[in-house]
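In structure tokens, the next block holds one chain alone, the form predicted on its own.
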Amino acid sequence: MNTRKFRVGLIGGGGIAQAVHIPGWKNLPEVEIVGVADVSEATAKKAAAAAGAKHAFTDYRDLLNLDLDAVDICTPNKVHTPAALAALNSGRHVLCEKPLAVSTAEVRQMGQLADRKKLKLMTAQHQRFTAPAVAAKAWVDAGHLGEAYHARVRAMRRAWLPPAAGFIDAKLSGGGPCMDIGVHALDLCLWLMDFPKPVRVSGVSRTMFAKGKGIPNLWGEWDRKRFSVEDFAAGFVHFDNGATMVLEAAWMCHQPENEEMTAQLFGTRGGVKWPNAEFTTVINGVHAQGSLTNPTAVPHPHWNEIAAFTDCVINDKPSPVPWTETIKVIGILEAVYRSQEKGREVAVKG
């Protein structure tokens, strides 16, 4: 009987790792967290202690010298690509926090390497693993939506700007709310639409409030001199099947809600909205609407995501969030930034 556990190493031991990834891994009896690497020695040791791991490093290359089956990457965005490539080249499967990368070229580089080496690569898009998302997906896949011809995606905050440098310094993050929270709602919406191919985008990307003091931040002060990303972005997307999408993302804006994270699909047979899983349709000539599930029933989506990744590796199943889907998400966000730079509509890279 094989009693060897599934051995995991974490690259990045900060907030997201300690809050949800480490508990998610520890929830799986078949898993052992072997080590943690973080550029901060104190953070690496703290995360390793929380994980029950024997090893803590300040260089992820040292972590990769251990006997590992998989690596979980929880670093600032710009470290995702070099860390993932190093892990894949060392023969390890990779789970990586969103965004997988900040350019389509990097996503393709990672994905093609994983495919050549027959390794699993998964973007940690945990929103797909919430109960409302699963219910909405089942409803759409059953044909109740019909053909999706338009979608609205919103990731809008009133005053939740993350003050950490890993979010607000373009050298570390590669982008602002587009890459931080827009990626969640956009991935979820494209997943519900069965990932049509985006072909062109007209977008804007601006810093409206983060350089000043017009909106007090609910997460405290931040380094305005270091702030080098957008705090607001929007885009209009065209797909190859004729469908369209409106995308909006912001960390700061004047709205009553502290956060509005939604995806709404309009189809020829019905409509559905996430995360409340509300649907609208017509049955026998009568308007009908309702909720597909209890929207509060969200049992540890990060844990579900980690369990799905572990299952796909151990049982050789396809990646639950394959890079071929992620590249379309990043392609749209990348195009929003390029459209702002060029002042016109641009083609989506893929």
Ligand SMILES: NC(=O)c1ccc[n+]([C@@H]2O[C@H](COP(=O)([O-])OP(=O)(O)OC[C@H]3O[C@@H](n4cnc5c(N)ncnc54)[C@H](O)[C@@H]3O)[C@@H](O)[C@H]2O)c1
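In case it trips you up, residue 1 is the first one in the sequence shown, and so on. In this text, all values refer to a predicted model and were calculated from it rather than measured experimentally.
Another form exists, predicted together with the named molecule; not displayed. Remarks below refer to it.
Just to confirm, with a 4.5 Å cut-off on non-hydrogen atoms, which of Val79, Ile168, Ala86, Cys189 contacts the named molecule in the predicted complex?
Checked against the cut-off, the match is Val79.
Heavy atom within 4.5 Å of the named molecule in the predicted complex: which of Thr310, Thr293, Thr43, Asn304?
Contact residue from the list: Thr43.
Against the named molecule in the predicted complex, would Lys98 count as a contact residue? Criterion: heavy atoms within 4.5 Å.
Lys98: contacts the named molecule in the predicted complex.
is_contact(Leu66, the named molecule) in the predicted complex, heavy atom dist at most 4.5 Å:
Looking in the predicted complex, residue contacts with the named molecule do not include Leu66, since no heavy atom lies within 4.5 Å.
Mark His184 yes when one of its heavy atoms lies within 4.5 Å of a heavy atom of the named molecule in the predicted complex, and no otherwise.
So His184 counts as contacting the named molecule.
Please determine whether Gly12 contacts the named molecule in the predicted complex, using a 4.5 Å cut-off between heavy atoms.
Taking the distances in the predicted complex, the answer for Gly12 is yes, it comes within 4.5 Å of the named molecule.
Is the named molecule in the predicted complex near all of Asn217, Trp251 and Met261, within 4.5 Å of a heavy atom of each?
Zero of three within 4.5 Å in the predicted complex.
Any idea which of 48 to 56, 318 to 326, 281 to 289, 30 to 38 reaches within 4.5 Å of the named molecule in the predicted complex, heavy atoms considered?
This holds for exactly one stretch, 30 to 38.
Those residues of 316 to 337 which, in the predicted complex, come within 4.5 Å of the named molecule by heavy atom
Sequence-ordered list is empty.
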